[in-house]
Structure formats: structure tokens, C-alpha cells
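Heads up, the chain below is alone and in the form predicted on its own; it's given as C-alpha cells.
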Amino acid sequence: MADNRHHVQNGNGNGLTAILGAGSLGRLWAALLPTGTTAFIPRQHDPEENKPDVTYRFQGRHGRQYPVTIPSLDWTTQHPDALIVTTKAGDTLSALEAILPNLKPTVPVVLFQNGMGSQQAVAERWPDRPIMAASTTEGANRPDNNTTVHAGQGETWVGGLTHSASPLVTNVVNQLEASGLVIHEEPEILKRLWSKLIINAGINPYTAILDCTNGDILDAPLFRDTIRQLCLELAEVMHLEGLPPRSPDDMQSQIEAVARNTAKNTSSMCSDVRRGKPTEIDYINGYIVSRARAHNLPAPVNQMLTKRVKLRTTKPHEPQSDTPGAI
């Protein structure tokens, strides 16, 4: 692959993918989709995104680096075939409120948010649009503002949330497969999102509270003393939500395995706390608390973790790397 693989993009007939959210994950997709097929949609409140072009160095899985320049979408001349949304969960609804009036109502919207709750809010706000959710285990981070690293190879699952989305999932998967990443159609995307939520809930808040990498939580008293109860709470909520049963032991084993396998990774929540930025705790453990309350259940461990993470975000720290996702 040539080092100057990405110049300013003009479109080459493979379908234009607009990207809302120029963080690590958005820049990963922009770098890997074919030259000429992507454009960022700038958000007016974000100086980093509100530029004619977004330029950075991209480091692929095998260490090779090359410059990437992605233009801002020109609404007057460009008409996206798909929109992928990689904003933080708490920003998604307001970001879409600002740009969806410019987008044809038939264009698929693919949501890549952590946790749960923001996807449902978008689908409820625009029930007639083709709204999809994606769950990914791809890893990307930004060691500095000018560099994006594809830090871990994974897989991505895409499924429809609204009625009009289902017939379009195959086309979206085909479009995203041009990145070279592994993409799957997922008819039961909510189950897939819950599976990732289990991992997020069992790793992210502990790393944020303890200010540590994923693997370091395993020997921490806070984790050892509460992880069993956290999994019990998850199992109860999932049962009442009508999801397939999962045993607390199975959940705990999976959480611990992921923490070991990603031992040196810094979670997005820990990174946000270190940078003094809002976290996505309301869409992870906070979401579990809200669903527990809807079923008149207590969820004391998830509630405790939610409160402790929020307390940590009131104390800004030194800037750190920006790593999306739980792992």
C-alpha cells in the first residue's frame, strides 16, 4: 500500500460513506475504506472537526504508517449512500438532530456507540428512517491528535433497529466490507449489543475508578469484592428484558478473560476520566441501573460504580490517549 494512499477524496463510484464523529473509530473507518469514498461531517461546536479537511497519520495493524486526508462533506454536491455515526453516546442524538434534515430519508444511519440507550433513543426519534446499530471489537486509539493507530483487529456486526432498515443491511455490510475489515449481518443486534454491554460494564468502570489498564483490575479488591454481584444484577435485568439467559458465572469468566486478553489496553472510560472528559457511564452501568429500576429491582453494585465514576470526572487529569470501546 502506498504511503500516500489517501489524498483529498472525490468519490469513485463505490458509494459515499459519510462519517459523523472524527474520533479514533471514525478515523479508522475513514482510513480503511477505499480512497475517494469517505467524507467527515463536521460538528460546528468542535474546532478539530470544523475544518475543510481532516488530516492525520494512520498506522495499520502491521505498523505501516501513511498520511490520510479526508474532506468535509459538501452537502451541495455530495449525497451519501450511508452515514456511520461514531460520536460518544451522549452526543449522538443532538449531533443527528443537527444534520439529519440534510440527509435523504432513505439513507441508512449506522450507530457505533458504546453501551445501550442512545441507539434506542435515535430509533424512537426517527422511526421511519433506516436506523441500524453496529457492535465492533475493532481497536483504535490516538496516541496524539495527529496519529490514529489500528491497535487491535476484531469484527463488526450490523443489524437493523427500525423496520425500514432491515432490507438495507446487506447493502451496508457490502459497503463497509470494502474497508477490508470483517463485517457480519446480525439479525438480533440487540442481543449482540447486550453481550458487549456485559464486557463494558465489567471492565470500564473499574479501570476508570482505579485509574489502571484492563488487566490490573483483576487483582484489585474493588473488582474481586463486587464482580460476582455485578454479574448477578446483569443476569436478573437481562432475564426481565426478555433476553436469553446467561449465568453470572459465565459472565464473570468472560469479563475476566477479556481483561486478561487486553491486559495492557486502556479503556475509553479510563481515558476520558484522565482527560477530564464526560464518560459514557450513563449508557453502560447507568443503563443497567435504569433498566433495573424499570423492573423494580435494586442494582447496588452498578449504582455504586456509576456514582464513583461520576465523582472521578469532576477531577481533571493530564491528557491521555483516546481509545474507543471497552477494550
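Everything quoted here is computed from the prediction, not taken from an experiment. Sequential numbering from 1, following the sequence displayed.
Below, we refer to the form predicted together with a small molecule, which is not included among the displayed structures.
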As a check of understanding, the residue in L197, I255, A89, V122 with any heavy atom within 4.5 Å of the small molecule in the predicted complex should be identified as A89
The unique member of L83, L193, A140, L176 whose heavy atoms fall within 4.5 Å of the small molecule in the predicted complex:
A140
Should R291 be classed as touching the small molecule in the predicted complex when contacts are defined as heavy atoms within 4.5 Å?
no
Whether T306 contacts the small molecule in the predicted complex should be assessed with a 4.5 Å heavy atom distance threshold; does it?
no
Are any of the heavy atoms in T207 no more than 4.5 Å from a heavy atom of the small molecule in the predicted complex?
no
The small molecule contact at G23 in the predicted complex, heavy atom, 4.5 Å:
yes
Heavy atoms, 4.5 Å, the small molecule in the predicted complex: which of 244-252, 230-238, 71-79, 110-118 makes the cut? Say which one.
110-118
